[in-house]
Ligand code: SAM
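Only one chain is shown below, in C-alpha cells, and it's the form predicted on its own.
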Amino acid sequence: MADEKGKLYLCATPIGNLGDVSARCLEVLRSVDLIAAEDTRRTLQLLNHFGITKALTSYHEHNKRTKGEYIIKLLNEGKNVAQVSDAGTPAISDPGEDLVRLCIENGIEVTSVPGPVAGITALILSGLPAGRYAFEGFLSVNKRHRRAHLDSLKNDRHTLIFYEAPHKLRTTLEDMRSVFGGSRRIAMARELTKLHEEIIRTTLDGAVSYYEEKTPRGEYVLVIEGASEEEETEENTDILLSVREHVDKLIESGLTQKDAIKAAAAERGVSKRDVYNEYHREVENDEL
C-alpha cells in the first residue's frame, strides 16, 4: 500500500570489537533505506568493513530536533530507517530516545536489534552485585547539579552505573568520594572488548589516588557499590530532622538552597515542591 509507513530499527553496534556485530544487525543495515548515525564518519568505517553501501544522515544531540522531523517524514512516506549510536545500543544516554518518542507519537513502528551495551558489559565484569542496579548515565558538568545528583544516590543500595569522559574523570571521582565515602568499592572500565581492555577494581580512595599519577584515557564506565544496610540506616536518620534542619544541613555541606531542597526531597521520598513549601513555612514561622 502506498500509504504504509516505514519502520525504525534501533541497531546496536559494537562498542569496540567489530566481531561483536550481529548477523541480524548487518542484514538490517543492508536492507534499510537510510541509516541515521550519531557520527557518520565512525559509522562509515563500520559499513566499509562489512562492505555495506548505504545512504547516511547525521542524527545527534545538536540537530535532533530538525533531523528528527526529517526522519519522521521519511518514515511516514514508507521508508525504513536504522538508527545507530557511536557505539553500543541507541537510546541509552543517546538522542535516539527522542526519535523513539517521535515515532510513537506518529504511530510509526519501532523495533530493536539487540546487541552490546557498555554499561551492562562493565557491570558483569565489575565483580559487584548485578541483581539490582541503577543506570545513571552521565553526570552534569555543573558542579552543583552533579553534587545534588550524587547526594540523591548516597543511600541507594543498587549498584550504580555511570558513564564518564576522560577529561572529567578526576573531578567526578573526587565528588563521588566526598559523597559516598572513600571505602565504597568501584570498578572503572575502559577500552571494553578491545585489545587493551582494562577493569580497575578498587575503592573510591584508591581510584582518586590512582589517577593522581596516571592520565585518564578513553571513555569510562564507572560501576559503584551500593550503600550498605548500615550506611542506609545512618543516612536515614536525616529524615528524622525537620525539613528546615535537613535542608540547612545540606546547604552547610556546600549545596545551594535549590539543590539542597532537591537532595532532601530525594532522601525523604517526597516531592521537591512539598519540601520547598515546608522549608519556607518553617523559616517564616521561626522569624515570627
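As the structure is a computational prediction, the values presented were derived from the model and not from experiment. Numbering starts at 1 and follows the sequence shown.
There is also a form predicted together with the ligand; it is not shown, and the following applies to it.
S.K.: Considering D175, D156, D94, E136, which brings a non-hydrogen atom within 4.5 Å of the ligand in the predicted bound form?
M.R.: It is D94 that has a heavy atom within 4.5 Å of the partner.
S.K.: Looking at R170, R185, R190, H149 here, can you tell me which has any non-hydrogen atom within 4.5 angstroms of the ligand in the predicted bound form?
M.R.: Spelling it out, the residue with a heavy atom inside the cut-off is R190.
S.K.: In the predicted bound form, which of the stretches 247 to 255, 218 to 226, 28 to 36, 46 to 54 has residues with heavy atoms within 4.5 Å of the ligand?
M.R.: Looking at the partner contacts, the answer comes out as 218 to 226.
S.K.: Is V275 a contact residue for the ligand in the predicted bound form, using a 4.5 Å heavy atom cut-off?
M.R.: No, V275 stays farther than 4.5 Å from the ligand in the predicted bound form.
S.K.: Can A118 be called a contact residue for the ligand in the predicted bound form at 4.5 Å between heavy atoms?
M.R.: Because a heavy atom of A118 falls inside 4.5 Å of the ligand in the predicted bound form, the answer is yes.
S.K.: Using heavy atoms and a 4.5 Å limit, would one call K73 a contact residue for the ligand in the predicted bound form?
M.R.: No, K73 sits far enough from the ligand in the predicted bound form that none of its heavy atoms falls within 4.5 Å.
S.K.: Can you check whether S85 is within 4.5 Å of the ligand in the predicted bound form, heavy atom basis?
M.R.: Yes, contact at 4.5 Å.
S.K.: Out of 193 to 214, which residues reach within 4.5 Å of the ligand in the predicted bound form, heavy atoms considered?
M.R.: Residue within 4.5 Å: K194 only.
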